[in-house]
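First, one chain by itself in structure tokens, the form predicted alone.
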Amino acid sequence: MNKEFSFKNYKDFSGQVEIESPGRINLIGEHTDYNNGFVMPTAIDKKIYFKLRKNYKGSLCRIYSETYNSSFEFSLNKIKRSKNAWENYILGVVNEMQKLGKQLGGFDCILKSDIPIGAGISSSAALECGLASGLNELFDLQLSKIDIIELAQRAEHNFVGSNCGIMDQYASVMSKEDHLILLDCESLDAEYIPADFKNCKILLLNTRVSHSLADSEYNTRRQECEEGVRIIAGENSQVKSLRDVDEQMLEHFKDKLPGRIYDRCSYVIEENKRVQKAAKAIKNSDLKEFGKLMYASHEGLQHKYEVSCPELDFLVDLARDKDFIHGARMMGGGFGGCTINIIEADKIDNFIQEADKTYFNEFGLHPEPIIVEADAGTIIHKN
């Protein structure tokens, strides 16, 4: 790679555009986004930081990850999938921009991340949306925030191969500091709700496991929901997604849906109701009710949607009998990643010690505690 990108002097690299692109948490509403349902995410104070500049070298693009101490380069004229997974998020975004007819030039980009990888707090969306926002600013592409969100989602579908919903990208770009988003994933209508957890903080416990099922089973769950919709829509032409199905309609089709498909659909319909109830609870500062809904969400994910794992269940059960923890659940796609806990601030240190000891005794691993706060979406600095 060109000497200006050598590992020794990357700290001297100055960007024409600098981006702060956050990860996200989701308080409640898991696996509902790709079913046109409701979710309650927010960006967090863990981010990927980008520095970008034009390099005036035709179609040559050069990327260096300070976090991984690795680099790659590619031509705008010949974009193809990489064997290195993280590179495909970059390549996918550039590919989607060019499919829109946007004129890019050669650029250099340095990035570093303080988002824990594999924890289920969407480093992938932060990477996609951060790069897209940076290139939009650098080359004056006139893309709106919604354009950026949607092309980042398409990049993940078309280049990475994960059929994700739109929640992660939306939260990464559109969040407001100290607020949660009640997002309708069908209309993209959003209500910003103050993240008022009284004397509590948000503690994530990273299981440090990522079972190999995660990626394939995520897409399988989406297909199972779509199969349920297909069967129901055969007699109800107005049904386009599970958003159009209520519990009474689902019950009518129970004998026509394979048991597994019925359970998947049932979970999604119930979770949508839980999200709406959770929005009312947080507005009323009713953390006890909010926590009950979080535990119910986990049970649905564990038993009906079947995306939890022993490590996640163990940490949620550990939280369950603590009156200073108001709610806990698994968060993210499943089969690993984090639990999210609403915990009284002065009890955090002792609980972390207890969780570390008991989890290690059970699984031989130390869970990673991550305290997060609701933060703003993408921040752009132009030098």
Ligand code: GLA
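Throughout, we count residues from 1 along the sequence that is shown. What you see is a predicted model, and the numbers here were worked out from it, not measured in a lab.
One more form of this protein exists, namely the form predicted together with this ligand; it is left out here, but the text below deals with it.
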property	result
Answer range among 310-318, 325-333, 52-60, 352-360 for contact with this ligand, defined in the predicted complex as heavy atoms within 4.5 Å	325-333
Contact of residue 29 with this ligand in the predicted complex (heavy atom, 4.5 Å)	yes
Contact label in the predicted complex: residue 182 to this ligand, heavy atom within 4.5 Å	no
Interface membership of residue 165, this ligand in the predicted complex, 4.5 Å heavy atom rule	yes
Contact label in the predicted complex: residue 74 to this ligand, heavy atom within 4.5 Å	no
Of 262, 218, 139, 197, the one that lies within 4.5 Å of this ligand in the predicted complex (heavy atoms)	218
